[in-house]
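Only one chain comes next, encoded as structure tokens, the form predicted on its own.
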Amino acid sequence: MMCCQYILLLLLLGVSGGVSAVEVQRPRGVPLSKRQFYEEDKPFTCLDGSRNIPFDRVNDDYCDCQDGSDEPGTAACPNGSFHCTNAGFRPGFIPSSRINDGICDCCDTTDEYNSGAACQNTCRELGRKERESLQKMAEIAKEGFLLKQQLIQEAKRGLEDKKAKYADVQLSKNEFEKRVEALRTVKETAEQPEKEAKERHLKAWEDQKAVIQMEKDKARKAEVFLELDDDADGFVSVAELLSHSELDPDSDVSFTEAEAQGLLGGVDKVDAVAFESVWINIKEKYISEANADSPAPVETPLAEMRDNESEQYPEEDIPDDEEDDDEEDEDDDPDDDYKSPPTMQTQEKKDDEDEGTMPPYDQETQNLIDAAQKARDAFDEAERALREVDDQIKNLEKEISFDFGPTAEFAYLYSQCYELTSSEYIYRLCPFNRVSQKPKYGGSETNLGTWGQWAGPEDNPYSIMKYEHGTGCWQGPNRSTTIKLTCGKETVLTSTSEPSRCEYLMEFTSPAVCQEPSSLDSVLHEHEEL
């Protein structure tokens, strides 16, 4: 039916030159790359090799081959494809179902050869616009590539400077280490006499406190003897001792005469001299008669106190504030609010306060302390300086060994940050470090990922950056960001999106991505079938 229909192709021989007509005979819808399979004087073999058919069945509007290769120019095969020549623009393929459907799909109108559709050939105009776009892209690529060469040279000089600095810092580290060790020796030498002087001073103060305490104890013993000697006969008797029930040795209900006599050393009474041994046994328990006049606080069991508190407020009338307090304190120790009665430690603390504070150091000891402190300060400063040198070395090692691209063209991005503001957020990209977002009108910053790796395809690994392990999403994964790098004259963060939950995509232009451009003719040649 249509097997003998052929087309004339206008081949574009130059971008700005004229157009020359060349007759290339082939069945409709067949690309030049497959012309050799369609020879009129031979039977046609289906391109999948499934069968041979007479050539007059090609484009006869009946599908003979399972792969649809016998009907490249008709809509007979559901899986067929039609080749648009599109002279002056880019050739392409459309599904065979679109042939003669009344809609112009090929810019050269060849898909609507028998539909009567009023199509206009727009290939020349599309080709012109594409050439203009390619021209602009080529100019950007050219300028970007020149900037890239500058970046490479700067990175090379920067790497040499870092290596030189690394060597210098390594040498200085040795000096700092020697200085630290020397100052350590000076510090330890100064601290030894300081320690001994402080210990002498403390011992003298402890001895002084012991004398003061001894005098106080002696005075209190005499005072207690007089208190116990009710009849002022110069003796403390069993009967007089029994008036102080707090002295009961076993703290049971009754304080017996036998127990009192035992405290007196087995005798009925003792004089002031013999009272010395008695005082040692009773002084921790003895309550002065002057203190006994004032009523001692009654110790209420903790459980009883809480029962009283519960009775004070019926359950339904407990104030809300107290309920809140209970909730806040339920993890606390339940006995925190219970105040135990004063103990002997309180008296000891009072005695310490009566004894006063430790006197200041004498001038000789203070001089030793000042000298030791000066040595410590010098040592600490030297250690700080050594740590800073170590940090410098680690940072330099990281920068020197870091993968900044095949020729270190991306090194200039290190320690830099770039921002993009949307209607809601301010996005911040710090290459080789982290990505974050912050609400435009105030709020905390969210980590969208820290530097992971280069993640481009095998033939262009430096075209994509991956940032991982950002702030976790609610009931979701940790946030991550993919950075797609494209060639540009400027270094700019151009767009951001969230194609999947908690997975962000950003586009970033940089001269470091630009490759050496081909001539415009060769670029166009890739898009036109000659």
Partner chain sequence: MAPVLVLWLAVCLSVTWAVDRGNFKTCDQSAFCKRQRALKPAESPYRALLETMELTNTRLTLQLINDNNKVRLLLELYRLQGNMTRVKINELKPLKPRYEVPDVLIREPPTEPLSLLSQDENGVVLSLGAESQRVIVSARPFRLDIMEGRDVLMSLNSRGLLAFEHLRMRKDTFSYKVTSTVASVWDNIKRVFSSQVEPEAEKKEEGDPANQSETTKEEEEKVEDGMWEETFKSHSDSKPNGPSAVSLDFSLPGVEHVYGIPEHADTLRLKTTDNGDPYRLYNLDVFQYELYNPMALYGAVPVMLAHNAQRTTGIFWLNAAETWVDISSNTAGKTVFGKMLDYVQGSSETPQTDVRWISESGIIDVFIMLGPTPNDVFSQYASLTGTQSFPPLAAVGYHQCRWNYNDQEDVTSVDAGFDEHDIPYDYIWLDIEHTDGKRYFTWDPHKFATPKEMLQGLMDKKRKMVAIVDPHIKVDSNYKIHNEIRSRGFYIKNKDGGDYEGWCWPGSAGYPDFTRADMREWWASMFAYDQYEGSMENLYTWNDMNEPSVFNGPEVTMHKDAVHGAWEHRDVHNLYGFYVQMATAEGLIQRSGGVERPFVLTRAFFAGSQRYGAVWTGDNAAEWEHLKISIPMCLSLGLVGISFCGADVGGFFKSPSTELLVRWYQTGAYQPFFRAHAHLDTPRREPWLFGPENTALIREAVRQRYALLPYWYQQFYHAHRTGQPIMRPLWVEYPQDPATFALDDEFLIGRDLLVHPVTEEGARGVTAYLPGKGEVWFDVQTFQKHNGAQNLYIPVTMSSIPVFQRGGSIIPKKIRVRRASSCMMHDPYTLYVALNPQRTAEGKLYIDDGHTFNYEKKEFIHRRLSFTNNILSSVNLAPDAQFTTQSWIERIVILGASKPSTVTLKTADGKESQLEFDFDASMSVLTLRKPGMNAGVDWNVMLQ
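If you superpose the two forms and keep the largest set of C-alpha atoms that fall within 1.5 Å, you have the rigid core. Every value quoted in this text rests on a predicted model; they were computed, and no experiment measured them. Numbering follows the first chain given and starts at 1.
Missing here is the form predicted in complex with its partner chain; even so, the following discussion is about that form.
I99 is the sole member of V236, L151, V435, I99 with a non-hydrogen atom within 4.5 Å of its partner chain in the predicted complex.
Among the residues G262, P457, G443, P78, the one placing a heavy atom within 4.5 Å of its partner chain in the predicted complex is P78. The chain is drawn here without its partner chain; in the predicted complex, the stretch among 481-489, 462-470, 27-35, 53-61 whose residues come within 4.5 Å of it by any heavy atom is 53-61. Proximity of D67 to its partner chain in the predicted complex: non-hydrogen atoms within 4.5 Å are absent; the residue sits far from the partner. Contact check for I103: a heavy atom falls within 4.5 Å of its partner chain in the predicted complex. Within this chain, R501 lines the site of its partner chain in the predicted complex, having a heavy atom no more than 4.5 Å away.
Within this chain, P95 lines the site of its partner chain in the predicted complex, having a heavy atom no more than 4.5 Å away. Remark: with the core as the superposition reference, the CA shift of F55 between the shown form and the other one reaches 2 Å or more.
With the core held fixed, D101 shows a CA shift of 2 Å or greater between the shown form and the other one. Shown in the overlay between the shown form and the other one, fitted on the rigid core, is a CA shift at Y113 of 2 Å or greater.
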